[in-house]
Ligand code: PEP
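Shown next as structure tokens: one chain only, the form predicted alone.
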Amino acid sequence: MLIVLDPDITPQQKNVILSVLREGNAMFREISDAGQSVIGATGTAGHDLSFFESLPGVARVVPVETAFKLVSRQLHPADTRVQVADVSVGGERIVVIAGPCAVESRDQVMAIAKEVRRYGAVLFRGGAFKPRTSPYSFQGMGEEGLKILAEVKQVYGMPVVTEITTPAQADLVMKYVDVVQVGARNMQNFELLKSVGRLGKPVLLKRGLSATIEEWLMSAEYILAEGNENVILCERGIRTFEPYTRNTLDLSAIPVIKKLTHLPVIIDPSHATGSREKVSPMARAAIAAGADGLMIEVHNNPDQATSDGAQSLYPEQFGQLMRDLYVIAPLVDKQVDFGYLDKAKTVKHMAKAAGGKGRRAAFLGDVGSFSHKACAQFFGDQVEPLPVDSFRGLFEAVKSEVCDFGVVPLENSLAGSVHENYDLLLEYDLRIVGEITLRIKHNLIGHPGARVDDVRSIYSHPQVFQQCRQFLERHGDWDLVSVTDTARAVRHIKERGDFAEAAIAGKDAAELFGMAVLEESIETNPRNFTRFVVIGRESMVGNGQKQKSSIIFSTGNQPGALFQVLKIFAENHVNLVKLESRPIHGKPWEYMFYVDLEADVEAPAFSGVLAQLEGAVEYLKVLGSY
């Protein structure tokens, strides 16, 4: 049951409720949901619901109707994020776990770890104990394999995942690994489930070969009932009558799980399909369906693998899959972050250098804006987001060390460049240290119960009006009122309480302020993306392999000057992904050129090209490599 507490409940009244639950041996936990205090309990403590409703300080009591209680979204409405070292499973960033089916040797594991880390995996998998169908098959290296996995974490900074097959292995996995996997064959090994629940480490629980979703969730309930809430569900295919795949991957389980439970869900397409050629298509489909992550088997020599070589990707195939996922993820409001681990390491280093103080990142507007969302997706929970009122104020906050970073939009696929920010990049001595692309879905947001026909005035950012031009043209009698950001627009209409006023913003802002979506996805073109860059005072040390750079240059005012510069890029096989001119303030008809290129211009190997550029231009500024 859910005991919803009165906002004005006293500490004494709350203690009475908790005492009744304790005396009746009920399991309970306190939850905060949208600012409302709730106590979730798995039992009634010997009393009916009406008894609890009669207690002072109780607003209402809601029964939890599912057989599974602790994993139920009724009991815990907000999504759970399972923290594994610096990695958050269930957040805005896709978590990819990769590695061989089995730990075979130190050389094999270290070679694979190097490759998957380079391509963007953030956790490493490898079986030290292998439950096999045949007693004569390779059974794993045991503790020696665990020691090799521990070395992977030490050398490459990747938390490690391995399977536990018996409670007797509990002490070993506690010593060496970060995530304990319960395999499909052990999903209903209830003593094992209780054991991993007591370990307290994050648990990756695979769905059984023929298990229903409810049976799977009931197994998770065993783990949570032991006090361990850090459970990651893993769909790995179920056994059906279809012979052309090893199992049938149940992608429909993803939206079902998302509705029933607060726990994150990842997909294992390797074990589901049993075939290398099918792994990448199913992995892409899983992310499109809303999975929080993937578990992919990768082997540098799969033909010689001791187990499951046929379903293991080569490292290069894994790299291509990660590039595909990078494109797909923004469509479902998520990101593939190739610099995830390096970024976390850098932010922790900065905090340590500052005496343990947390880092901050500035963004334009209110919490709930797209800029705030970009900040959250780029940094996760590692930095404190700080709203500012203007782009210049954002640059000033970073320059004056009020913030360590700033997140600024540079261009939109429909409305074009944000010219003010290009000018500020030229003016301020700050660096671009990263970038992130968001798909922008705009919604008409109004008061609950309002109708589109009631609307007379619309509030939003001026660029948003451009991006929703066709929709707004159908309502030519509406007044368009500009504000600094989309979240502020929603807050404004919320505070005014006028049903004739609406805003255009994202769903996050609507949920934050308790408003309703009157019409969804009203942008002119669904291919509506905004590119944000992250600025800082210096480069992020160890931020992975830098594949892109931004520069500004100007040339003399003579025929062929720009051609001579572009010729340098062409002759050195440097691909330009953006070239835009901006007028130089105070010098009519003279221009600066902003260029994004696919190269690390600060790498030693690029020094010759950079020297050629410096000789061909009048002015050159490197904005950053990232």
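None of these values were measured; they are calculated from a predicted model. The numbering used is simple: start at 1 and walk along the sequence shown.
There is another form of this protein, the form predicted in complex with phosphoenolpyruvate, and it is not shown here; the text below is about that form.
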Examine residue 366 and determine whether its closest non-hydrogen atom to phosphoenolpyruvate in the predicted complex is within 4.5 angstroms.
-> no
Report yes if any heavy atom of residue 184 sits within 4.5 Å of a heavy atom of phosphoenolpyruvate in the predicted complex; otherwise report no.
-> yes
Is residue 163 close enough to phosphoenolpyruvate in the predicted complex to count, meaning some heavy atom within 4.5 Å?
-> yes
4.5 Å heavy atom contact, residue 271 and phosphoenolpyruvate in the predicted complex = yes
Heavy atom distance at most 4.5 Å to phosphoenolpyruvate in the predicted complex, all of 372, 442 and 485 | no
461, 343, 125, 299 - the one with a heavy atom within 4.5 Å of phosphoenolpyruvate in the predicted complex = 125
Using heavy atoms only and a 4.5 Å cut-off, determine which of 76, 276, 494, 236 is in contact with phosphoenolpyruvate in the predicted complex.
-> 236
Heavy atoms, 4.5 Å, phosphoenolpyruvate in the predicted complex: which of 520 to 528, 184 to 192, 312 to 320, 400 to 408 makes the cut? Say which one.
-> 184 to 192
